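We begin with a single chain expressed as structure tokens, specifically the form predicted on its own.
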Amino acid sequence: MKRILLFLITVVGLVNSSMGQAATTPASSIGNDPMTSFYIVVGFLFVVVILVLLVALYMLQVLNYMVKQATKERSERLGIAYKEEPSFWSNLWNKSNDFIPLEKEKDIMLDHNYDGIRELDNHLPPWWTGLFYGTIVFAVLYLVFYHVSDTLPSQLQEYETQVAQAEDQARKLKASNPVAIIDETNVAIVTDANALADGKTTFLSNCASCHRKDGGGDIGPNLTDDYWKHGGSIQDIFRVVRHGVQGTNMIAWEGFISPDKMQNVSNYILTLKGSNPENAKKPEGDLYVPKETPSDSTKVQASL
């Protein structure tokens, strides 16, 4: 009972500590977290389950003690010597290890003598031999089910199945919402003023620190000339924005901004071509010559 009381005191202390921390936390941050209620309920249930288990164990100990006392008193009244029966756990422990009684150790004493130290010829405990034979059975079943009969899929087959399911889900998502899946293969030229304005906002927020607000280049290259390190098509620009450039300051923006915003900012970058800002960085990379004719929509000019 003392242990249970000590546990309750500890739980109460932890609750008070957490409440004190919650008091110093802004109410808005707690209220806005949708998992707060879930955590509170799960924590409360966990504490209740622990308390119930502790009380049950304590009651079992009390009941066991009362049964022993009643048996002992009955034996004394009948004049029978009381002998305490081993508990269930004691029997289980003894059977799983199959200990040799001390009075029989002389029967398994070996002739080896090391400075007065004798050796016993103990057998392996049953739990160990059972586990060993179990691993052999498991290995045989695993071999039959996974490699002989192909009843169960191998890891490679499971991987291929999951990849096929993911591709199928991606195709369905793309069919239901084409805007949600934009990559290098389907990125399009955008001339809509609102989309280009959104691209400009993204550029000023995320790209201007390395390429300057006017695109003239700073840490990053100049985006207003005809020279590009990784290609100057809309597909090339989108690829660099999406995946970044390893070993440089150009990070992968996939996961930070949505695909449509990456498309918008890539198109906005095309509008910077030929703007000739002051003190622009010198050209870097290779001269990019579009495959399209000069009248093609690649030469996008935005009226922002």
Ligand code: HEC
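Residue numbers run from 1 along the displayed sequence. Given the structure is predicted, the values throughout are model-derived calculations rather than measurements.
Note that the form predicted together with the ligand isn't included here; everything after this is about it.
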Q.
Looking at C210, I181, I189, A195 here, can you tell me which has any non-hydrogen atom within 4.5 angstroms of the ligand in the predicted bound form?
A. C210
Q. Since exactly one of K95, H147, H230, R171 fits, which has a heavy atom within 4.5 Å of the ligand in the predicted bound form?
A. H230
Q) Going by heavy atoms within 4.5 Å, which of 77-85, 214-222, 113-121, 132-140 lines up against the ligand in the predicted bound form? A) 214-222
Q) With a 4.5 Å heavy atom cut-off, would you call V47 a contact of the ligand in the predicted bound form? A) no
(Q) Taking any heavy atom pair closer than or equal to 4.5 Å as contact, tell me whether I257 reaches the ligand in the predicted bound form. (A) yes
Q: Answer for N249 alone: is it within 4.5 Å of the ligand in the predicted bound form, judged on heavy atom distances?
A: yes
Q) Counting only non-hydrogen atoms and a 4.5 angstroms cut-off, does L54 reach the ligand in the predicted bound form? A) no
Q.
Do any residues of 260-290 have a non-hydrogen atom within 4.5 angstroms of the ligand in the predicted bound form? If so, which ones, in sequence order?
A. V265, I269
